[in-house]
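Just the one chain here, the form predicted on its own, laid out as structure tokens.
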Amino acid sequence: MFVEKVKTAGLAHLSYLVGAGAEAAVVDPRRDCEIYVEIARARGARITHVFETHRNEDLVSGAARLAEMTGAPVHHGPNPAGRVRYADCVREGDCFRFGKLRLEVLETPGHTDDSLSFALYDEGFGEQAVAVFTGDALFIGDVGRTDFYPERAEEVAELLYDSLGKLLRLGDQTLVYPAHGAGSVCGSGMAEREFSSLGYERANNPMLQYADRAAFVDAKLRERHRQPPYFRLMERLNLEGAGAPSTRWGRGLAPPPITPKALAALLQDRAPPRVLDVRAVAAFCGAHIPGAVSMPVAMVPAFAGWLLEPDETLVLVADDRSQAEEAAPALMRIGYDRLEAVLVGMEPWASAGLSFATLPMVSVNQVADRVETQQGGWRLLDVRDDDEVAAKRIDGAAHLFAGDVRRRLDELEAGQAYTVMCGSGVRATIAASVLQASGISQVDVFMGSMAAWQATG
């Protein structure tokens, strides 16, 4: 018997291959799902079932594709929003066996209406559950968000409270296997570890310490979570079933290279591609293609769904092929398939005599002088999240979350000068690049941002 975890960096997504003997099942597969077949083969097993804990909002499910690859049926919970077209509906108490391993279905709504958990039993040793796959109902150190049905806010919070009670009744010995770890947008207080038990969570998870249902519901109603616009795309794809990504590039490969002159010609088209620069912020600020959006490769999972349109054709600018190979699957996992090409480095672009732009960086002393003198026609724009701004802010700074910048450009004045800040300068560069690409020419980045401001007193 085995349980093997597959972690998808950036999205903090956790999926699992579980099996016994020659049979195995996958719980919550990601879109690039060849990895599960490879692990099963190494274990001497074949994948006979695919289980989904719920219809994901933050990534494209690989269940439909994995079913095509293996012939394994997909099992999903009852979904009032519409039937998941590639899956069979399973209900409370349904059981599946793999040798002496038994997987039992629990309906655990609250995060979503179709949320399921899967309790794991070893029938060769006792009658208690060994583990439970909790999806987005219970995390390590937190529980699932309940804001996807605002018109039913109190009802779904109560549903989650009842679902958590059902999970806890499995017993303190039960290991917890959630669908996400720390850093996921599906929760805000997750622990920086990916192992726990129901007993430990019962004693230490802050969301399991409320005295009664009313206190729990009140706490959930006071939560504030952001919903990136790409969530709607994920919901649609995960209802219909997403297929394989573009055949122009395969697993572990980036889109084909493009020459500077060919890219320059593309950018003159009536519908030019969006240039996404995944290099480090210092490299972008030093030289970039005019109109490009900065998004360092590690930030792609966090901000692509906020700042890119799902139907946009993309061209990457990367330091090297390996950086492009990291960015491409990160985009594919959240539904951005239209990757046309990659330009490796800015040196060939400059050597071809093509124009490039820069993004000025300013120091903490320069910003302090501007704040003190209150220069006319200048604003300090803070693009951190709400909780960061509430904890510490610079007097007079305007606040606009980095993910909202592209959709709220009309709130900014084209003739105004902006210095953009965040916690360190990375998100500020992303937001400033969007401003610059939109035609706001007087923009610079507060490098070091709040970290530098606090470090200098």
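Numbering starts at 1 and runs along the sequence shown. Here the structure is a predicted model, which is why all the values come from computation and not from measurement. Whichever C-alpha set is largest while still superposing within 1.5 Å between the two forms counts as the rigid core.
The same protein also has a form predicted together with a further copy of the same chain, omitted here; what follows describes it.
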| property | result |
| --- | --- |
| Heavy atom within 4.5 Å of a further copy of the same chain in the predicted bound form - the one residue of 173, 188, 79, 227 that qualifies | 173 |
| Contacting member of 74, 129, 275, 208, with respect to a further copy of the same chain in the predicted bound form [4.5 Å, heavy atom] | 129 |
| Three-residue site 7, 38 and 256 fully in contact with a further copy of the same chain in the predicted bound form at 4.5 Å by heavy atom | yes |
| 4.5 Å heavy atom contact, residue 48 and a further copy of the same chain in the predicted bound form | no |
| Partner contact for residue 281 in the predicted bound form: a further copy of the same chain, 4.5 angstroms, heavy atom | yes |
| Exercise: residue 416 in contact with a further copy of the same chain in the predicted bound form, heavy atom 4.5 Å | no |
| a further copy of the same chain contact in the predicted bound form: residue 193, any heavy atom under 4.5 Å | yes |
| Per-stretch contact check against a further copy of the same chain in the predicted bound form, the hit in 387-395, 24-32, 61-69, 408-416 (non-hydrogen atom, 4.5 angstroms) | 61-69 |
| Residues within stretch 337-352 having a non-hydrogen atom within 4.5 Å of a further copy of the same chain in the predicted bound form | 341, 346, 347, 350, 351, 352 |
| C-alpha of residue 452 moved at least 2 Å between the shown form and the other one on rigid core | yes |
